[in-house]
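Taking the form predicted alone, here's one chain by itself in structure tokens.
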Amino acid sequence: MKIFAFVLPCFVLFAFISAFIKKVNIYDAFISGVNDAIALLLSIFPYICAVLIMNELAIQSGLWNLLCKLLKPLFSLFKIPPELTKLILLKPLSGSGSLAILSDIYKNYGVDSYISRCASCIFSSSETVFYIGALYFSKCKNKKLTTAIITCLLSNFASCIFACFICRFL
């Protein structure tokens, strides 16, 4: 396992040697990359800010609790434990928020319980759809993201169903 400690330093050394052989000015290339990164950050910041604000508004307004109550019967129909409703709803919006919910699930049910195993699979098999969508579509000229978001949310929900199905047998 100690060999993996050398992977990153070897990669950096390889990059320096490759740049030296190709006669690339490393410092100028680095500064150029930083300038491009700052421009990218400034262009996507409003989209990310909007997602974070909408997420916080939904939580503070009580919309999340209402959605959880409304969707519990649907989740029960698909054999998803109702304790996972908040995790499933928050994961497409916030990775850190869903990590906090996952930690609470571990604390309340133990790490080896069926609910915790399902929560772990759901957390690792889903993505922050709206955050990634905001990032990708901020640079895209075609802003028709409704189909992409709906497809991502449906596949996210399908992964939750499948995760709970698999965890029943583990």
Partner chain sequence: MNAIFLLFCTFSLIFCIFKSPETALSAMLEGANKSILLIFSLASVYIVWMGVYNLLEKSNVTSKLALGLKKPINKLLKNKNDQISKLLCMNFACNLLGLGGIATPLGINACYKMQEDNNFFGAELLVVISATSIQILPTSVISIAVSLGSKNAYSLIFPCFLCTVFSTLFGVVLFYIFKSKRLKNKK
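In this text, rigid core is short for the largest set of C-alphas that superpose within 1.5 Å between two forms. Because the structure is predicted, anything quoted here is derived from the model rather than measured. Residue numbers count along the first chain shown, from 1.
The next section is about a form of this same protein that is not shown, the form predicted in complex with the partner chain.
Novice: Does the partner chain come within 4.5 Å of any heavy atom of residue 66 in the predicted complex?
Specialist: Yes, residue 66 sits close enough to the partner chain in the predicted complex that at least one of its heavy atoms falls within 4.5 Å.
Novice: Is residue 131 part of the interface with the partner chain in the predicted complex - any heavy atom within 4.5 Å?
Specialist: Residue-level check for residue 131: yes, a contact with the partner chain.
Novice: Evaluate residue 109 for contact with the partner chain in the predicted complex, applying a 4.5 angstroms cut-off between non-hydrogen atoms, and reply yes or no.
Specialist: Outside the cut-off, so no.
Novice: Should residue 99 be counted as a contact of the partner chain in the predicted complex, where contact means heavy atoms within 4.5 Å?
Specialist: Looking in the predicted complex, residue contacts with the partner chain include residue 99, since a heavy atom lies within 4.5 Å.
Novice: Looking at the partner chain in the predicted complex, which residues in 112 to 131 have at least one heavy atom within 4.5 Å of it?
Specialist: Result: 112, 117, 120, 121, 123, 124, 125, 126, 127, 129, 130, 131.
Novice: For residue 13, state whether the C-alpha moves by 2 Å or more between this form and the one not shown after rigid core superposition.
Specialist: The answer is yes, as the C-alpha of residue 13 shifts between this form and the one not shown by 2 Å or more after core alignment.
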